[in-house]
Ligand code: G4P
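Coming up is one lone chain in structure tokens, specifically the form predicted alone.
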């Protein structure tokens, strides 16, 4: 099935460069780094610069929005990160799923050696200080608010809301430093850029919405065809392009303009909104084998 061609996506606001400097300048203040990824796109939502920016610190990964992702594939990602020596757990920061496991796993695995060393030195009661990192709109503020049981961090469903660093005290002797979301200067792989756009990590106002929806539909038709059939009551053939799928959905939903033409912009907005809100079901857009060449 052919993917609809999209124009190259580039997005690197000035505050992103500032965030990279903030991460590096504050790294010495923390005991560990918690990286939040989107469970639907774990590797695409992982800033390739983050390992370099946070080198030398113990790291834990949270696969957020797991309630919108395919459970079986999330398990594969947890296993994949384990092979890299990184502890990962699945969470949903909005409803709190898995969040209660965070501190126990952090203390028993990620920071076990550090805490044992402190205890041996009589440094009991010293707070654990953590840096929270991730791309825009991945759920950092929602996670911190769940942990702190408050609304300390500003939450809004659009990328780039957190702009300055802030310390937040959470239970059980831990503090978190919330860093603004940071993307990277250039998307060398436009497939990754599209996946970030699908999930809302890149602002819609810089995108061609119709092309984006067509690309998403081509992906879903290849990997989750039953979802499109069930949701939109359309028939799918192996020859359908993203354009043809969007046309079918627009006609089925009665999104027509004068002359019987489909209002493709309206149809595209509907498809993207329904995907992002979870109305299409639990969908993961990439598997470890997509990057490792193995079979999962």
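Since the model is a prediction, treat every value here as computed from it, not as a measurement. Positions refer to the first chain, counted from 1.
Note that the form predicted in complex with this ligand isn't included here; everything after this is about it.
Next on the checklist: To test your reading of this chain, name the stretch in 25-33, 258-266, 242-250, 57-65 whose heavy atoms come within 4.5 Å of this ligand in the predicted bound form.
Outcome noted: Partner-contacting stretch among the options: 57-65.
Next on the checklist: When the contact criterion is heavy atoms within 4.5 Å, does residue 215 count as touching this ligand in the predicted bound form?
Outcome noted: The answer is no: residue 215 has no heavy atom within 4.5 Å of this ligand.
Checklist entry - With the cut-off set at 4.5 Å between non-hydrogen atoms, does residue 147 touch this ligand in the predicted bound form? => result Residue 147: no contact with this ligand in the predicted bound form.
Checklist entry - Just to confirm, residue 178 within 4.5 Å of this ligand in the predicted bound form by heavy atoms? => result Outside the cut-off, so no.
Checklist entry - How about residue 118: is it within 4.5 Å of this ligand in the predicted bound form, going by heavy atoms? => result Result no; residue 118 lies far from this ligand in the predicted bound form.
Next on the checklist: Between 135, 221, 194, 202, only one gets a heavy atom within 4.5 angstroms of this ligand in the predicted bound form; which residue is that?
Outcome noted: The residue from 135, 221, 194, 202 that makes the contact is 135.
Checklist entry - From first to last in sequence, which residues of 87-102 have any non-hydrogen atom within 4.5 angstroms of this ligand in the predicted bound form? => result The stretch 87-102, when checked against this ligand in the predicted bound form, contributes 91, 92, 93, 94 at the 4.5 Å heavy-atom cut-off.
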